[in-house]
Each structure stands twice: as structure tokens, then as C-alpha cells.
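Read the single chain below, which is given as C-alpha cells and is the form predicted on its own.
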């Protein structure tokens, strides 16, 4: 198993390098640069930048060099964990990712207990905010998709199967940004039962660890639901179809002929084999959710990587764009690797092949 994992990891490394080259080329092909907006004549510009100042800024950040020189410098820095300084945030990219989400937040209280400090530091960072939102979405998908698909497959043609099929098709076809607006109008404006802006309530700085975490969970309910419902509908339908196919196999009929209880036949013999293709799709869910966070975090003003990515694109903040694109590529490759390992663990024939 270890050799199989090492082989898959070695294959992923040149793939990651190729992805960084493509992303860097796309970023450089986009018109303009972080300083061309200020340098160009515009009625909305507060002050026009002199040509000499503009060229000095390009030279300071190495943007006057050929693209391959810029790429090589960025690649060397990325290999050592240094992604440069953000143009818009005016601080290192690593500090933007793992530091506080905004300058308006109050400083940490050193008198707080260690668990409370750790929770706050995790949630107050851009990476922590996005991972927290996506972990809740993954829990919703994993906790609902397989049981719903299993129940629909076992009770094929029943009322639950027909209703859930119609509902899942509707949810899968519903765009998440439109679903976000509907959820905000229903639960945030009409019922006023759930918060829909930001990550924390006013006065959350004085909350304890449990209250602080609960407040973040309540704020994450609506955006996490928007991220999860499309994937949940697809995974539930997929697991139902795979399980139906498995339940018609010869070994299932043999297990029933031996007199095994139906629950044991389904859970031990049917579900385990049905989960093999399910593992592959589930391994790719995290990068898919992170990509979907770009829109959802912007709608709900969630202070995570998605909202920061949109801002970085508008401001041509190359270091932030490249660093977050690299993070997304690593998540895709990590999800694929985990899916391959789960596949190999469930079916030893894959390891031997």
C-alpha cells in the first residue's frame, strides 16, 4: 500500500508543475497589471501615477522582467513556501492566508483559555474560514447522500424514492447562487431565523469558545447548504444507482439464499461494494466545494479564500491569484490521491495491478 501511495504521489508532482505553468500563463495573458489601473487615465482614478513611478513599481516587483524569469522566481519562492507579498493587502501572502481575516477585527485577548484562542485563530484566518465552511458542507453531503440513496434503492419505486428523485433532480438543476438568494429571502429576511451576512455576530469577541464556535456554525448554515445541496442531490442519485446495480449481482443472491438477514446483506455485501465508485467522486468533492466557495462566499460576505480570490482578480493581485490557484490544484490532486488510496483499500486488486 505504501509503494502504491508513493507511486501516485510521484505522478502527481509533474502534474502540479504543469498546472502552475498553465495558471501562470493565463494570469500573464490577462490584460493589464496591478499598477496599470492607477497609471492609466481614468475619471474614477483618485490620482494619476507618473510614468517614472509606474516603471519603478514594475521594477520593484519584477514585473518588468520576461514572463519566464517571473515564473522561475515565483516557482523558487513557492518551493520554499514564500509566495511573495500581496499587492492589495501589502503583506506576505502566507500572512494573508493564515492571519486574521480583516484588519477591523479586534486583537486577541491573551487571557482567553488555550482552546478558545486556537478556535479563534483557526476561524479568523482565510484558510480556516473556508475549510470550516467546506467541512460543514462535506458533513451534510456525507451524512445525507448515502443514507438517502441507500433507502431509495432498497425501497425502489416507493413513495420516498419517487419524491426524492424529483426533489434531487430539481436541486441538481438549481444554480447555487440562485438558491443562495432564495434561502436568504426565506430564512434571513422573511423568517429571520438564520444569519446570512459574515461569519460572526456583533459582540462575538467576548464570547467563550463554545459560544464562539456555535455562532460561526449558525452563520455557516445557509452558505454551507448552498454549497452542499447540488452535490448532495447528485451523490444521492449516484449512490442509489450504484447500489441498485450491486443488489442484482450473483453474490447478493447467494447471500440471501444462505438465509442472511436482509439488513446484513445490504450493509455488509451490498453497501461496501457500492461505495467503491462512490469513493472516487467523494474524493473530488473538497476541491469542487472550494471552487464553489468563490461565488457563495461573495454572496454571504464570508471572509474566506473565495471572497479574497474575487478581490484579487479585480485588483490584478498576481501573488494571491497564483497562490490560491496552486492551493486549488493541490486540493484536486490530494482529493484524487485520497480517492485512489480509498479505492485501493476497498479493492486489493487495484494495488496489485
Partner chain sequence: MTKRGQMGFWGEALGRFKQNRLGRYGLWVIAATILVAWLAPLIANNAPLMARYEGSLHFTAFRQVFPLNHFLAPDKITLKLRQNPDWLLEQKALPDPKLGWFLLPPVPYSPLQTRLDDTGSPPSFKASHYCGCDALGRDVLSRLIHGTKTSLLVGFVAVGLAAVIGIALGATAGFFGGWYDLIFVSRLIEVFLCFPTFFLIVTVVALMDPKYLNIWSIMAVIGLTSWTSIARYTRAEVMRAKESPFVAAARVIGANSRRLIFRHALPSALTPVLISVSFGLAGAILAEAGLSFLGIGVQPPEPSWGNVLRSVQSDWSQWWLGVFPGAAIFFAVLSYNLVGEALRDALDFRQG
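All values reported here derive from a predicted model rather than from experimental measurement. Here, rigid core means the biggest group of C-alpha atoms that superpose within 1.5 Å across both forms. Numbering follows the first chain given and starts at 1.
Below: the form predicted together with the partner chain, not depicted.
| message | If we define contact as a non-hydrogen atom of the residue within 4.5 angstroms of the partner, is residue 93 a contact of the partner chain in the predicted complex? | response | Close contact is absent here: in the predicted complex, residue 93 is far from the partner chain, nothing within 4.5 Å, heavy atoms only.
| Any of the heavy atoms of residue 26 lying within 4.5 Å of the partner chain in the predicted complex? | The answer is yes: residue 26 has a heavy atom within 4.5 Å of the partner chain.
| message | How about residue 332 - does it come within 4.5 Å of the partner chain in the predicted complex, if we only consider non-hydrogen atoms? | response | It does: once the partner chain is placed as it appears in the predicted complex, residue 332 has a heavy atom within 4.5 Å of it.
| So, in the predicted complex, is residue 319 in contact with the partner chain at a 4.5 angstroms heavy atom limit? | Flag for residue 319 set to no.
| message | On the criterion of a non-hydrogen atom at 4.5 angstroms or closer, are 143, 238 and 251 all touching the partner chain in the predicted complex? | response | The answer is no: none of the three residues contacts the partner (heavy atom, 4.5 Å cut-off).
| Partner-contacting position among 159, 79, 173, 191 - heavy atom within 4.5 Å of the partner chain in the predicted complex | Comparing distances to the partner chain in the predicted complex, the residue within 4.5 Å is 173.
| query | Pick from 196, 97, 282, 212: which has a non-hydrogen atom within 4.5 Å of the partner chain in the predicted complex? | reply | It is 196 that has a heavy atom within 4.5 Å of the partner.
| query | Pick from 181-189, 149-157, 220-228, 67-75: which stretch has non-hydrogen atoms within 4.5 Å of the partner chain in the predicted complex? | reply | Heavy atoms within 4.5 Å of the partner chain in the predicted complex occur in 181-189.
| Of 212-232, which residues get within 4.5 Å of the partner chain in the predicted complex if you count heavy atoms? | None of them.
| field | Rigid core superposed: residue 286 CA moves 2 Å or more between the shown form and the other one | value | Yes, the C-alpha position differs by at least 2 Å between the shown form and the other one.
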